[in-house]
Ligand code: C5P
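In structure tokens, the next block holds one chain alone, the form predicted on its own.
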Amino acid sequence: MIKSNRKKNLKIAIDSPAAAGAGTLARAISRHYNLFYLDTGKIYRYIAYLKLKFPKKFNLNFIKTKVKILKIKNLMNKQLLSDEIGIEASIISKNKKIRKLVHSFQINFAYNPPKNFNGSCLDGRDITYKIVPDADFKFYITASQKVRAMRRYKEFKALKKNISFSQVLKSIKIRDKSDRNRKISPLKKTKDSLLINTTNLNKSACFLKIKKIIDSKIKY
């Protein structure tokens, strides 16, 4: 692990469509540079999970209470990976009041990571231009829809989910359309974000490509 001697926290912002490999890369980057990692999409999935589990209690005050006590370990729940929750999360993310609440949570972690970290690394859909617009590094990570669908399909199979590849591909296409066309904080590549296409790259190659970019600009 490399420790940075920078006077300010290192901030890395990543945007990507579903199952592009951004989460895996962000975790690897965070471990290497000792950054606090936050998968921002998981917050919306967590809220979607709450909506499906507590439909009668679900309202803005209920969400505020749950998010206020939200711990990172809550976002590690494998149930959040379900296709049903993913689609519900995409719908929930269009709600202005919920987005405002979640944005506050994300920004706090981005700019105030725990003291034992050298900075923060966030990935999501609007991180590069909405949450951390002054990030030291901005990446837009993507891959073809079929490759992303196959990755998600393998994840579901590992969890012994009874779902077909065609169903997953259809879900990916629906999610992409929803993320890109929503009026509030749509998924888009900013001009100052570096494009990383992972379609034909393995995890190691992707990591080394990003590491080379970061190492060329930061001082230790």
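Being a predicted model, the structure only gives us computed values, none of them experimental. Don't overthink the numbering: it's just position in the shown sequence, from 1.
Another form, the form predicted together with the ligand, is not on view; read the next lines as being about it.
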Original post:
Closest heavy atom of residue 127 to the ligand in the predicted bound form, within 4.5 Å or not?
Top reply: yes
Subject >> residue 138, heavy atom within 4.5 angstroms of the ligand in the predicted bound form >> reply: no
Original post:
Looking in the predicted bound form, any heavy atom of residue 89 within 4.5 Å of the ligand?
Top reply: yes
Original post:
Would residue 151 count as a contact of the ligand in the predicted bound form, using a 4.5 angstroms cut-off between non-hydrogen atoms?
Top reply: no
Subject >> Stretch in contact, per heavy atom within 4.5 angstroms of the ligand in the predicted bound form, of 56-64, 189-197, 153-161, 38-46 >> reply: 38-46
Original post:
With the partner absent here, would 31, 203 and 209 each sit within 4.5 Å of the ligand in the predicted bound form, counting heavy atoms only?
Top reply: no
**OP:** Let me know which residues along 150-176 have a heavy atom within 4.5 Å of the ligand in the predicted bound form, or say none if there are none.
**Re:** 175
